[in-house]
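Heads up, the chain below is alone and in the form predicted alone; it's given as C-alpha cells.
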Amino acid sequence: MNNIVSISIDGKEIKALKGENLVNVARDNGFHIPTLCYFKKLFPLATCRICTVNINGKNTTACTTKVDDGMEVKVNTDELLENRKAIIEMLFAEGNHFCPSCEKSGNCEMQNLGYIMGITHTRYPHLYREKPVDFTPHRMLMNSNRCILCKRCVEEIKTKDGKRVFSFVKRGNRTTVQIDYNEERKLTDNEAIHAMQICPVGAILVKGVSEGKPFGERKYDFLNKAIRPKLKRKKFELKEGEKFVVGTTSLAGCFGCHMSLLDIDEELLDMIEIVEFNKSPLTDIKRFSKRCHVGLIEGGCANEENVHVLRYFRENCDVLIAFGECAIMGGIPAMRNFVPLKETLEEAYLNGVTTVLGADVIPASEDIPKLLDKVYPINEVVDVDYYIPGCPPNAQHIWKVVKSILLNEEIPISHEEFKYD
C-alpha cells in the first residue's frame, strides 16, 4: 500500500500507483490530456508539447511525468487550453496539411485534436514550404509535407538486429525524417504497415496499402461531441415584414461550397422564410442592391479581381464568413504556391502540351486579371468574422452558423458536421 499515492487533477482527489505515467493516470480517471508524440511502448519523447500541464505551479509535459504523492495537477485551465490550441494551429500552418487529399483523413490524430479543440482556422499564415516526398524506398514513401517530427517512427521502428529505419537529418526548421533504404528492405510487410499506423499523421505510407475507409468507418468520424462555435455576436433589428439579407460569392475555388449550400434540400424553403439573397451566383445579382447582414465567401485570392471582389464584399456585409478550405487556407489552387509564378506560367503555356499549333504564348491582356505572386486565404486580405472548414463544408454546418449569427442564438454543431474533409 506504500506505493499508492494521492494526487489532485483539476481539484479532484485521485489515488494512483507511484511512478505511473501521468497521461495514463489522468485518462484512467476521466481526464483527457491530448498527445501526439506519446506512444505507450516508447520512452516519453516530449517533442510535441501538446500534453503540457501545470504541476504545483510549474508548466511541464505530462508524458514525461511520473505521479508522486501530493502533486497538484491542472489540465484544463484557459491558459493551457489556449497553449495547446496554438501548437496545433502552428503544426497545421507550418506543414502542408490538406485533409481532403490525405490518406490518413478520418484516422489522423492531429486532425482529431483540431476537431476536439474546435479549430476552424489558424491564426498564423501558412508557410507553403516546399518539402520532399521520398518515393525511393522499396516498400514505403515518406511525405515530409505532413510530418510533424514527433519521433515515434525514429524510436519505434527497428530491424530485428536493432538498427533504426528512420532518422532525423539536417537541423532547426530544415529538419526532416529520412528512411534508411537498406534497413527498410529488411522489414516485413507487417512491420512496414505498423510504421504507417503509428504515425499520428499521414507522413508514412506503404505502397499499395490503403488506410482509407468510407465515412462512418474511420476512427474519428463519430465522437458524440457537440462543438459550440464562438461567434462574434451581433444583434440585428428588422422592421416588420423584413428578412435577413445574405450575400455569397466565389473567388479562386471550384464552386463546391455553393453546391453544399443547396444540400439542405427542402430545408431551403424554411430558410427563405427568414432570409433573402442579394448579390450571389444563386440569384445572379451582380452588385449589391442593399447592405447584407451576412456574407459567405468561398475560394481564395489568386488574382487582382479576386481581391477587388473580396474587398467590395467586406464593405457591404456586416458579418463576413469564410467557408471552405480554399477561403481559409488556399486549398487546391494554393498548390501553385510551392512554385514561382514565372515557372507556373511557363509550365502551363510554354512547356505544357497544347492542341493549338503556335499557341505557346503566355497570354497578356488588360482584360485578363493579373495573377498574384501566390494564392492567399481571404483573412490575409480582409478581416473575417467566422470560418467554416471543410471541402466542402457540411450544409447543416453552414446554415447552423448563419442562423446562429442572424438569430443571435447558440446552435451546437455536431461532430459529424464539423469536418476538414
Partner chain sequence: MKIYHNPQRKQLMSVIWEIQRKKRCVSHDDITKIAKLFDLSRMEVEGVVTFYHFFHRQHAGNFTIYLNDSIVGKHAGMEEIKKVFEKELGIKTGHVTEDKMFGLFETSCIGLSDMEPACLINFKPFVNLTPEKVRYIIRALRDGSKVSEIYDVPKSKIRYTPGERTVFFNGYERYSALKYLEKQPGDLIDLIKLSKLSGRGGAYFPTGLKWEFARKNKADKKYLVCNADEGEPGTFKDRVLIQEKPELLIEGMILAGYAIGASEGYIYLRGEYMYLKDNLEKVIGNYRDKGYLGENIAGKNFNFDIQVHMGAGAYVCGEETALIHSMEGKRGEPGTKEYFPVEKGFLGKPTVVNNVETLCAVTKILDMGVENWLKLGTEKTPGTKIFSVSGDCKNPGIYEIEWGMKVNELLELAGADNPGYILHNGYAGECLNPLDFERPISGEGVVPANVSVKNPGDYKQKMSGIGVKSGGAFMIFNSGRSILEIIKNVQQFFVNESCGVCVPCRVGNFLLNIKLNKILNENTTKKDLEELIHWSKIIKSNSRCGLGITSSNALMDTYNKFPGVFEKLVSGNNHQNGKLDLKKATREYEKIITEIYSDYE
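The model shown is predicted, which means the values in this text are computed figures rather than measured ones. Numbering follows the first chain given and starts at 1.
Keep in mind that the form predicted in complex with the partner chain is not shown, yet the notes after this line are about it.
The stretch from 258-266, 312-320, 325-333, 96-104 that comes within 4.5 Å of the partner chain in the predicted complex, counting heavy atoms only, is 312-320. Highlighted residues E82, R129 and G172: every one comes within 4.5 Å of the partner chain in the predicted complex, counting any heavy atom. By the criterion of a heavy atom within 4.5 Å, N379 is counted among the residues contacting the partner chain in the predicted complex. By the criterion of a heavy atom within 4.5 Å, Q396 is excluded from the residues contacting the partner chain in the predicted complex. When the partner chain is considered in the predicted complex, H194 lies well away from it, no heavy atom lying within 4.5 Å.
Although the partner is absent here, D270 sits far enough away that none of its heavy atoms falls within 4.5 Å of the partner chain in the predicted complex. Checking I87, C254, I198, M117 against the partner chain in the predicted complex, a heavy atom within 4.5 Å turns up for just one residue: I87.
The listed set K290, H308, R185, K219 contains one residue whose heavy atoms approach the partner chain in the predicted complex to within 4.5 Å, identified as H308. Contacts of stretch 131-168 with the partner chain in the predicted complex, defined by any heavy atom lying within 4.5 Å, are made by I148, L149, K151, K163, R164, S167, F168, listed in sequence order.
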